[in-house]
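Here we start with a single chain on its own, the form predicted alone, put down as structure tokens.
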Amino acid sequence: MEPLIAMLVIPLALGLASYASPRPRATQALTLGGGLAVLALSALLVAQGTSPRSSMGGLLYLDSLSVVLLAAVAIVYATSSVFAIGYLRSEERAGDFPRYVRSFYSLLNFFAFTLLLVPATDNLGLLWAALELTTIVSALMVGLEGTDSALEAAWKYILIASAGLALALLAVVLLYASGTPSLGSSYQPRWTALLGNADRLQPRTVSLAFLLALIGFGTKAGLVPMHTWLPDAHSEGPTPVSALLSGALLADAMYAVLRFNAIAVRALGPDFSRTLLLVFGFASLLLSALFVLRQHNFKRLLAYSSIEHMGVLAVGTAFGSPLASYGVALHVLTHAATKSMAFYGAGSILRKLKTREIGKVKGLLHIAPATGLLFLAAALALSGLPPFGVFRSEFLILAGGSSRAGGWFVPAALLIALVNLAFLGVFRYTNGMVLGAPPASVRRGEPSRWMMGVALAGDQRP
């Protein structure tokens, strides 16, 4: 369990050190080292096995699902710490650069700490508090650049996410209350205790708690129709923040939904939660696919793609078979790696061409060949094409849904259709950005070796 404690202590200490440090280069080096150390510790946790274990009086907890989430967060934290070096160095000539770097890295490390804390506990109250902390820290990061659009996106994010988390807190309270008649009023609201005594919980209260949890935590996960904050926040924040939001934060919010779903299935049977997950999952897939087809901003394109992938996770969870559940866990990892790389590519394009408009980006293969190829590879990977990891995870989810008896062919076929509809939109716009005649006024060359290095490392295959 010591690696888990170190994983939490490192970003927390670095957040304090970054805020106090007056030297930008030292701050960058410390964060880079911390991100790589957390990634190494997550690999150590995987190597140690996934048998459930706890420490610090039950405050910290690990099982197979939490290890998957910790690995996903560690991947994005480490790669974003590398990418941020190249991303921020283009601003070094600005007079307020030292102050900006201090704020950026302090918030980046605090954000990583809160993201790691969510899957590191089975106390549902602490899990909720950690997700609330992610809202506060990430909203500050979204508005860090100080533009009107960034501040508006941060404010919208705070309002909608906080409203959703208020419902999620009520869900935690109700789930706790469902066990008080049989377990007493002094037991701890731990997921393991509630799951082990699910047959003793009040069914009606559990059903209401799950509905509120799905809406509340689903707001943070970007499920439709609670998704409206997501495209603005993901497109307006600095690119390393966008990667953490899409690759790690959304997965953390879905992790909370998965924990509530396990209790609901044990207490109520699978039908109630399955129906709700299918409704919200397919609504997210449909709306995101339609918006992907009609986008003009490439960062918003990737944001709507994130909504699509949260829909895939919801549908895969609803399928409920062991194969589909394995696919869901794998999809958390492949989406975290691939989506962060896609955002790093988008950030490189933004730094190179100074625009987010898809129509103004042409001929990336001629302007910046490495950036163009890697951005195209990330887009194809997100679309679920082989040989990339997302193909395997989505294939497992589909196979798990198709293998179930009792009329699961239609949901599986609908999932295939909506995923392919989103693919058409992503490929259409990416193809136009990468190919074509480049603007004559743009100088050929890659924006940064740091940014290209981390994008190349993230070219994920199964």
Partner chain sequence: MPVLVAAGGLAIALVILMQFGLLRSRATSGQTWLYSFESLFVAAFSTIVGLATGNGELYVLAGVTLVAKVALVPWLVFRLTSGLEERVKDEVPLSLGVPSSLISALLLTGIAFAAAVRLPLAGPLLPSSGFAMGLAVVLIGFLFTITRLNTISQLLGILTVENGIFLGTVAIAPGLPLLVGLLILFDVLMAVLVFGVLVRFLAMRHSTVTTSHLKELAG
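Numbering follows the first chain given and starts at 1. Just so we're clear, the structure is a prediction, and the values are computed from it rather than from any experiment.
What comes next is about the form predicted in complex with the partner chain, which is not displayed.
Student: When the partner chain is placed as it is in the model of the complex, which of 330-338, 79-87, 181-189, 372-380 ends up with heavy atoms within 4.5 Å of it?
Tutor: Residues of 181-189 come within 4.5 Å of the partner.
Student: Spell it out for me: taking the partner chain in the model of the complex, does every residue among L353, H366 and A368 have a heavy atom no farther than 4.5 Å from it?
Tutor: The answer is no: none of the three residues contacts the partner (heavy atom, 4.5 Å cut-off).
Student: Taking the shortest heavy atom distance, is N197 within 4.5 Å of the partner chain in the model of the complex?
Tutor: Close contact is absent here: in the model of the complex, N197 is far from the partner chain, nothing within 4.5 Å, heavy atoms only.
Student: Considering non-hydrogen atoms and a 4.5 Å limit, does the partner chain approach F260 in the model of the complex?
Tutor: Result no; F260 lies far from the partner chain in the model of the complex.
Student: So in the model of the complex, does A153 come within 4.5 Å of the partner chain, heavy atom to heavy atom?
Tutor: Yes, A153 sits close enough to the partner chain in the model of the complex that at least one of its heavy atoms falls within 4.5 Å.
Student: Taking heavy atoms only, is L159 within 4.5 angstroms of the partner chain in the model of the complex?
Tutor: Yes, L159 lies within 4.5 Å of the partner chain in the model of the complex.
Student: Among L323, A283, V173, L268, which has at least one heavy atom within 4.5 Å of the partner chain in the model of the complex?
Tutor: Residue within 4.5 Å of the partner: V173.
Student: Going by the partner chain in the model of the complex, which residues of 109-138 come within 4.5 Å of it through any heavy atom?
Tutor: In sequence order, N123, G125, L126, W128, A129, E132, L133, I136 come within 4.5 Å of the partner.
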